[in-house]
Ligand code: G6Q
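Single chain ahead, by itself, as structure tokens, in the form predicted on its own.
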């Protein structure tokens, strides 16, 4: 049955006609237990979702919607290894990558766990050699710098985790990530490293990704100009790929190619060999803790009742705002500098998964799907985009994220950080009414005339929804749990909207057109038919192009 025809969907619209006028201030005043009722904990995470425009009836109807939309069956299908990526006829079994139990996980009857654990062991052995100084470069010096060359899912996840877990990083190894084919990023990276002590990781499943291979070949040329020995490439380049022939032709020893599988989507792949930079940085033990944290959330997601299921509840809250309140965006605001790349990571995870308008059956939707995900460090946001969130015309739910652990913080800093986060969440919920604003201005000695003039600017509607996610500490286990939480939240929303959350056909058209235009820009081939704007831009570039050295 179509989503908009489900009984729960229709009941939610009836409920919304009343709920849209609620103010959270009144909801808190009416229910002293509200903060206990709308609270969940699992895997080192504490979720306070009481600052949402919901009641228990709202949640009951949303849970009914999840059941009618087949969420329990969809969860079971994923864990059973069914081909839920229907357009590519693939499973989406990234949960197997963090399953280190004796429990088999099968696709078409084959247990994938022996291969998963085998690659994990090879990664660990390699990482140990590099970290222990046993892996030596062409002039017998240990590795000091690791440059990961990839893009999208082969870059952003590992980059985010390495930065988030810098407190656990190896003191000798400096991690660098190159994804942009704009040569500035690679040039700046190569200026900071030395050929004799640098290890390059080339990450491309097919070993044909244009941006990645362009950067990889440029890095190899830079390296060979210094090493003057083609055989030295094997000591300084390794690959995460499935294309053994292309990897070998590049000069990489096939024994240093780490594979992953077509049932691992790029944006869900940091748990696989794509996470080799993570293991190099934080070591095998911590990498396994990252997997264990995600696995803990996997089991919770699979087994917990829907009403106590953290990813399910977060997903349904998002649907409530997107589809009923018309909230077109969602903010990720981590109050931890080490998590400052988390918003960008969640942006890719969410928008590439559910940024679609076609259901699994090929029908166009007649409702909103994925929101625009954006954000930054919460402290920075307070002095930038929080103004819009407080007093703008948009409704943008916010996820506040922080660690309870203050170890490693300078004296006094952590309390100020947390006070700001708690205060912002309270301010978004409460707002400030005219009576409060008037009293504050009067206490400051402002005269009546100026009070009347300033009141419109000093009042805040409040009633802006938010979730607060507190980690026991920012360690590998809790981070793994947090990432898996968002993965599963996004999957649940895709199930309710009837989407395939595991393909990404929308990225292909631009790539195809770029390939054709590249020949016109670089090789001077005859121009293909273009619209007038594109044709003029191409002509301008060709007319101004400077010869390359």
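Numbering follows the first chain given and starts at 1. Given the structure is predicted, the values throughout are model-derived calculations rather than measurements.
What follows is about the form predicted in complex with glucose-6-phosphate (G6Q), which we do not show.
Colleague: Check each of 403, 215, 154, 272 and return the one that places a heavy atom within 4.5 angstroms of glucose-6-phosphate (G6Q) in the predicted complex.
Modeller: Selected option: 154.
Colleague: Would you mind picking the one in 352, 336, 196, 475 that has a heavy atom within 4.5 Å of glucose-6-phosphate (G6Q) in the predicted complex?
Modeller: Of 352, 336, 196, 475, the residue with a heavy atom within 4.5 Å of glucose-6-phosphate (G6Q) in the predicted complex is 352.
Colleague: Give a yes or no on whether each residue among 25, 55 and 467 has a heavy atom within 4.5 Å of glucose-6-phosphate (G6Q) in the predicted complex.
Modeller: No, because 25, 55 and 467 lack any heavy atom that approaches glucose-6-phosphate (G6Q) to within 4.5 Å in the predicted complex.
Colleague: Even though glucose-6-phosphate (G6Q) is not shown here, does residue 396 get within 4.5 Å of it in the predicted complex, heavy atoms only?
Modeller: Residue 396 lies outside the contact set for glucose-6-phosphate (G6Q).
Colleague: Under a 4.5 Å heavy atom criterion, is residue 50 part of the interface with glucose-6-phosphate (G6Q) in the predicted complex?
Modeller: Because no heavy atom of residue 50 falls inside 4.5 Å of glucose-6-phosphate (G6Q) in the predicted complex, the answer is no.
Colleague: Would residue 500 sit within 4.5 Å of glucose-6-phosphate (G6Q) in the predicted complex, counting heavy atoms only?
Modeller: Residue-level check for residue 500: no, no contact with glucose-6-phosphate (G6Q).
Colleague: Would you check, heavy atoms only and a 4.5 Å threshold, whether residue 267 touches glucose-6-phosphate (G6Q) in the predicted complex?
Modeller: Close contact exists here: in the predicted complex, residue 267 approaches glucose-6-phosphate (G6Q) to within 4.5 Å, heavy atoms only.
Colleague: Heavy atoms within 4.5 Å of glucose-6-phosphate (G6Q) in the predicted complex: which of the stretches 63-71, 505-513, 479-487, 31-39 has them?
Modeller: Looking at the partner contacts, the answer comes out as 505-513.
Colleague: Even though the chain is shown alone, can you say which residues of 333-348 have a heavy atom within 4.5 Å of glucose-6-phosphate (G6Q) in the predicted complex?
Modeller: The stretch touches the partner through 348 alone.
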